[in-house]
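You are given structure tokens for the same protein chain in two forms, set apart as structure 1 and structure 2.
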Structure 1
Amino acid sequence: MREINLICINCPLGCPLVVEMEGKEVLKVTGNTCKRGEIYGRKEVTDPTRIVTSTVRVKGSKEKTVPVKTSKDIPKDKIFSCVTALKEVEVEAPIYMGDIILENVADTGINIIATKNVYSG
């Protein structure tokens, strides 16, 4: 059996978690103060994912960039590919919050969406 120590990132409490594993199987998660901590601990050691936030360039607006994020969390090992893909993106204003900026980023099936309105001009 091995133990993995984590800090839960699901809420501001930042509970110190201990995940006990046998091979690739999670036996137990301790240290969490809520159910979300247990879910996070199990997922983090078996299939870690993250929401990616960034910006992309905008043309046709006073604002030079628009903030964006993944519509869902993506596998942690795809983050670098996601950010690299975003470096090549430039969108035309106007852009509205929720607009899809890039589909299927890094072959994840997840879209990049705008998180702010950016108007023409």
Structure 2
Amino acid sequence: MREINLICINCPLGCPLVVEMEGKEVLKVTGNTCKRGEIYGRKEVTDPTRIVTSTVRVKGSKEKTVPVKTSKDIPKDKIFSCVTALKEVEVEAPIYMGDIILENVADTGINIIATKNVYSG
């Protein structure tokens, strides 16, 4: 059995959670004040994920970058592979919010999409 210490992110209380695990199995979450804490604790130790936001370079606009994000959350350990995959990406204006900028980023099955309209000119 091992214990993992986390801070709950659901509210300013920031409960110090202790998640007891056996292998990949969560035995118990303690230290939480409410149910949300337990749900967070379980997910964070078994399948931690994040939405990643970044920018990519733009050609053909007075804007220099377009902000982007992963269309869904991706595994936490893929964050750096995800932004590194954006390093060489350059897109041509116009770009519209929701446009797919990069498919299946870092083999996550998730796309990178634009979060802002960038017009040409």
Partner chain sequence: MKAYDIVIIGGGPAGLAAAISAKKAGIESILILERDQELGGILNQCIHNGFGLHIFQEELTGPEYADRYIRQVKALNIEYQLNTMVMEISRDKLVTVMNREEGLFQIQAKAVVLAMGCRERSRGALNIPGFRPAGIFSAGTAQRLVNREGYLPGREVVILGSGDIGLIMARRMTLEGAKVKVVAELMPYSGGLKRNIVQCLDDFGIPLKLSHTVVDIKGKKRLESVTLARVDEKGKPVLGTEEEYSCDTLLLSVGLIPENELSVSMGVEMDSVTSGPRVNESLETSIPGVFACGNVLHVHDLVDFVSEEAALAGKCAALHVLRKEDEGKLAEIFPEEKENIRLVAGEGIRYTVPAVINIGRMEEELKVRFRVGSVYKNAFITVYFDEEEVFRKKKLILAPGEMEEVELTKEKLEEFPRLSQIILRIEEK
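Bear in mind that the values here come from a model prediction, so they are computed numbers and not experimental data. Numbers given to residues start at 1 and step along the sequence of structure 1. By rigid core we mean the largest C-alpha set that fits within 1.5 Å across both forms.
In this comparison, the chain shown as structure 2 is the form predicted in complex with its partner chain. Of the two rigid parts that account for the rearrangement between structure 1 and structure 2, a single one contains Thr108 as well as Val66. With both rigid parts superposed separately on C-alpha atoms, the smaller turns by 21° against the larger between structure 1 and structure 2. Core superposition places the C-alpha of Pro16 4.6 Å apart between structure 1 and structure 2. Aligning the rigid core between structure 1 and structure 2 leaves the CA of Val26 offset by 2.4 Å.
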